[in-house]
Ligand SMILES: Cc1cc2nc3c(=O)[nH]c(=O)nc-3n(C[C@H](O)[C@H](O)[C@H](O)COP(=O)(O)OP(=O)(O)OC[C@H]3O[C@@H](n4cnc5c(N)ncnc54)[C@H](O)[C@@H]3O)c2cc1C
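Have a look below at one chain only, the form predicted alone, in structure tokens format.
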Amino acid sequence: MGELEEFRAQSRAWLEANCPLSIRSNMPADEYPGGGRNARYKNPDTKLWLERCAEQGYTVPAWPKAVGGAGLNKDQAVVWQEEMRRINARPPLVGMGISMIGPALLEYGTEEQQQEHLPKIASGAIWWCQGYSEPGSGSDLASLRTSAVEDGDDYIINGQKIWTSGADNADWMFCLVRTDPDAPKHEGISFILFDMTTPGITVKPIKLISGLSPFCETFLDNVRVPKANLVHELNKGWTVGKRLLQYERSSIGGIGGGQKVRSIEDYASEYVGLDDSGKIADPALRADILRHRMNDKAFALTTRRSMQESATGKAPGAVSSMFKYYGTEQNIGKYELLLTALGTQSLGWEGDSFAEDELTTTRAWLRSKANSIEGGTSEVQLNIIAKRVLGLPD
């Protein structure tokens, strides 16, 4: 048995022994394993699964063991994900800590910053949020105006952030601030971290059309932050901020991966029905589903090839914009097909006339509309692809 197959056998045995049965099912929104100081666990197995995986480093399997990971190489990490998917295991931990700020700190953080923050991310002790967008700075993020002014050993931060996902539950924020108002807009920005319990921070949730409030407004009034929380160099935060966006876009681009879920074909079979040959009765819907599946397969092969090409450990580049754009388009398309299959049962908001998964699907369809905006709009991604991937002239 080769080393990789031996690792697969060990992973399979560990999962069978340690993954609770209730975790081998699709994850309800109210059992989201985000961790954090204020974490509440409706299902006790969610907490148990997090603790068991964190102890082995499996919340961040590819991170170094010294900061809470399992130290897996690229091939082992792929095998681990395949074995997780085989038993339909939920991720033990999700959020911006493991997908965004953690990788950025591994690349740009000081030894002290890595040792302070990364183990807490890996264990689920801290929930992070992102302070990027502002009311007047969205797609043109570099025009941000939230300021950080030096005051002895601290910075005093004033301004407003918006669309700060999960800020009402977050323990810490990673934030872009302007530290040199006279420099060109990309060169006067710094990247800083702060505890959300710091005096002067006010958070107000924003209710979405899906009925949820995952996004917030965040107001910063004379927030005092130690200079030690500055990541990388003063006025060079745009470098860190861009890299973090690439990590974010890679994460969003994989939106269709992860757990096995009830398929479009399942919904179509139940709500549209099958013809005498056992095929989905509506030929137009059948063709649309087939086209979507072919695109899914092509996208999966492309992302797998990209993983193999990045076996050297190189951070994601501009190609992450391609994955973000195509991945979100596929996710949006999936929910359009689901609603087509559901027909009038997709029109429910509440009441006994609709099953729980029908109501959940309708809300998820509404939520999917944000996929083309978050992490940089689709228009921004297309510009990046044109300039940085294809090399087209301005």
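Numbering starts at 1 and runs along the sequence shown. Fair warning: this is a prediction, and the values are worked out from it, not measured in the lab.
If you look for the form predicted in complex with this ligand, you will not find it shown, but the lines that follow are about it.
* Of the options Ser269, Thr198, Ser165, Ser99, which one has a non-hydrogen atom that comes within 4.5 Å of this ligand in the predicted bound form? -> Of Ser269, Thr198, Ser165, Ser99, the residue with a heavy atom within 4.5 Å of this ligand in the predicted bound form is Ser165.
* **The single option of Thr110, Ser263, Ser139, Ser213 touching this ligand in the predicted bound form, heavy atom within 4.5 Å** => The residue in contact is Ser139.
* in the predicted bound form, segment of 111-119, 156-164, 228-236, 281-289 with a heavy atom within 4.5 Å of this ligand -> This holds for exactly one stretch, 156-164.
* Asked: Heavy atom to heavy atom, is Ser133 within 4.5 Å of this ligand in the predicted bound form?
  -> It does: once this ligand is placed as it appears in the predicted bound form, Ser133 has a heavy atom within 4.5 Å of it.
* Exercise: Ala370 in contact with this ligand in the predicted bound form, heavy atom 4.5 Å -> Taking the distances in the predicted bound form, the answer for Ala370 is yes, it comes within 4.5 Å of this ligand.
* So in the predicted bound form, does any heavy atom of Ser25 sit within 4.5 Å of this ligand? -> It does not: once this ligand is placed as it appears in the predicted bound form, Ser25 has no heavy atom within 4.5 Å of it.
* Answer yes if any heavy atom of Glu379 is within 4.5 Å of a heavy atom of this ligand in the predicted bound form; otherwise answer no. => Glu379 belongs to the contact set for this ligand.
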